[in-house]
Every structure is written in structure tokens, then in C-alpha cells.
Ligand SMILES: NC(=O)c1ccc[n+]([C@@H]2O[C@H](COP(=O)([O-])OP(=O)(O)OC[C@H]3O[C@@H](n4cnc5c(N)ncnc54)[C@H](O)[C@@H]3O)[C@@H](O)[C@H]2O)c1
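The data below hold one chain only, encoded as C-alpha cells and taken in the form predicted on its own.
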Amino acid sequence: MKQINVAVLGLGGMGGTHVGAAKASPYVNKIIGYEPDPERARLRGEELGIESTADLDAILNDPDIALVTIAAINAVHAEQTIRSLRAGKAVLCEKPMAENLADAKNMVAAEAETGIFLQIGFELHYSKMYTTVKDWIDAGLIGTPVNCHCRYYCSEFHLKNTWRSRSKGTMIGEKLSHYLDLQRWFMGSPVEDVFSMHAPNAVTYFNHPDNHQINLRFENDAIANLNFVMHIGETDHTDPLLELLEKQSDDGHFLQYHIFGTKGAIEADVFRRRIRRWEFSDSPKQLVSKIVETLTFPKEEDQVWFHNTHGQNVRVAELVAKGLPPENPATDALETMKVGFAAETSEREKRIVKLSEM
């Protein structure tokens, strides 16, 4: 079995997840971490049990490093990706690709220029809840999907004076791009029009909207809606006597998908740890709808089912070690980024935006 050396750029919370996945992969030999501040690099390296450095050039000039995973702040995603690709490194970069569309396009151009592996971290493509939904759709169990709703209500958990609350980007790129990406994946048709709105903020210290209603129309005339609010769910104070998702299932938190097709429908509900499928049939009196399949999962499998970053990163290390191409092409991730930037344009200019404008 061929093993590779991996560099993790950015050793914050998400960087720690990347390091953990690299340690779990049988295809990884050595891990080196990067932080621009030498003291933080040293401390985080010790905490994570890996070699670390504040010298990015040393990483990029090391011929033994085959894969770079980027978990740094959004503002440096494009720069670090392009430099890594041009240094001959395969790249897995966290979403959003970049803080603006021009930089995201430059990342894809660098991939085409170098012919090097580039995948963007849309790990919900590896999460069992959503792969099951996609399998049901592809098997034709709900007919043709025509309408998709995502309701995402949560509490404010990015905190004051953090880079996320001060970010120039919006929650669309930082968080909601995952769920726009799923809508594109489920509906199986290119997005044609985007119309989005936001109301005044409740979270006054955010440098961006804390709520969004994003509407999509696809080329096949299917539609989708994503409704996001980041302040209604009760604030989590980490009570050790309470199981987190069980509490959040009835305190204002929602993360639900409903996909309606011509022959049935699907519901994916994170906080209820449940997926359900309806089947439609005809009768002399009316259309008959019946729940025909229900799947649930235990709390111990939460991350595997609804945010499988670990599984994605383990798989990417295997792909790179075996010389295989990305499973989720960066060109497809760019289409999701276009939808997000179209939504921002729609909110700013208060109009419907055609994706072709992006």
C-alpha cells in the first residue's frame, strides 16, 4: 500500500479534524501542520501530536508532501490552493472556495493549468443521511424531484469578535453553501434563476446578514427554497446531563430537507436523527400518500450521518495515494459558489439574478 505525506494548513478546530482524519488513514505516513504564527504553530503541533511549522514555503518546497488540506480562514483559501497546486500538491480545500467569485474561478483555472487533484470540502456528499437521499432519488423512488425545501434554524454560535462574525463574506458562503450544494445535487438540473432576501439582523454584531431566504429555479423548472435563521434556537450552554441533539430537537433548532417528487417525497431531519420516504399512488377518490420507509440512527453515528468531514478526508487521502481523480470535481463546487454569489447579488440589488450572469 502506497503511503503519502500530508500537510494541514490551519490548525484551528477544523484543522484538528483534518489532522484526526489523516491519522486515521492507512494511506498517510506523515502529517505536518502549518500556522503562520510560530508560537501558535508550536503549541498546536504539540496539542495535536504532529510536526508543525510557520514556514509555508518549506511545506510547498518539500517534494515528499503529496497532499495539502486547507482548513485556514476563508480569506486565504484561494491563495493557498493556487500556490499548492502550482507546487505540485494535490489539494483538499474547505468551503467556501473563496471570498469572491473571481478567486474561486482562479482556483479552477489553476487546477486546469496544472492538471493536479483539487477537491472542495463539501463533505455532505459523504454523509450517510444525504447519500441515502441521493440513492433514493437516483433509484426513481420519488419519480422526478420537482420541489426541494431546506429549513435551517439555529442559535448564534460564532460569538463576538471572531473572524466569522467580522467576516466580509456572508453566511451563504461560510455555512449555507453546503445546503445549496445539496439542493443542486438532489435536483439534478442546472440552476437558472436565483432570488434571495434577508430581513434586518437580530445579531447586531454580525458584519453580515443573520438570516436568508434563498429561492432557486432550475433549468427543468423544478424549484428549491432555503430558509435560514441564526438566532431562534436556544443558546447551548453545554449541559452534561442533556444529550445535545435531543434537547435541540424541540428548542427552536431545525435542519430539515423535504424533497417532493412526482411519485413520492423524502424528509431528512438532522435533529430527529431520521429519514422518511413517502410513496404516492392513485385511487378513484384522490392521490394517496403513504410513508413507506423510515430510517433512524444512534447518536454515536451522528457525524457519519450528517457531517462526515472525517470520512471525506480519509477518502481523499486514499484517492490521492492511488492516483485517482476527485470524486466531487472543483468545477461542480464552482457552480455552487456561483449560486451563493448570485444570492448575495440578489439580496444586494433586490432582483432575480440569472446564474449566467455569474
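In this text, residue numbers run from 1 along the sequence as written. No experiment lies behind these values; they were computed from the predicted model shown.
The form predicted in complex with this ligand is left out here; the points below concern that form.
**Student:** Using a 4.5 Å cut on heavy atoms, which of 229, 72, 275, 265 is close to this ligand in the model of the complex?
**Tutor:** Contact check passes for 72.
**Student:** Quick one: from 40, 299, 322, 30, grab the residue that has a heavy atom within 4.5 Å of this ligand in the model of the complex.
**Tutor:** Residue within 4.5 Å of the partner: 40.
**Student:** Hey, in the model of the complex, does residue 80 get a heavy atom within 4.5 angstroms of this ligand?
**Tutor:** Yes, contact at 4.5 Å.
**Student:** Consider residue 19 of the chain shown here, and say whether it contacts this ligand in the model of the complex, taking contact as heavy atoms within 4.5 Å.
**Tutor:** Although this ligand is absent here, residue 19 would stay clear of it in the model of the complex, with no heavy atoms inside 4.5 Å.
**Student:** So, residue 145 and this ligand: in the model of the complex, are they within 4.5 Å at any heavy atom pair?
**Tutor:** Taking the distances in the model of the complex, the answer for residue 145 is no, it never comes within 4.5 Å of this ligand.
**Student:** Please check if residue 310 has a heavy atom lying within 4.5 Å of any heavy atom of this ligand in the model of the complex.
**Tutor:** No, no contact at 4.5 Å.
**Student:** Among 148 to 156, 229 to 237, 92 to 100, 256 to 264, which stretch sits within 4.5 Å of this ligand in the model of the complex, heavy atoms only?
**Tutor:** Within 4.5 Å of the partner lies stretch 92 to 100.
**Student:** Judged by heavy atom distances of 4.5 Å or less, which residues of 16 to 40 approach this ligand in the model of the complex?
**Tutor:** Read in sequence order, the residues that approach this ligand (within 4.5 Å, in the model of the complex) are 34, 35, 36, 40.
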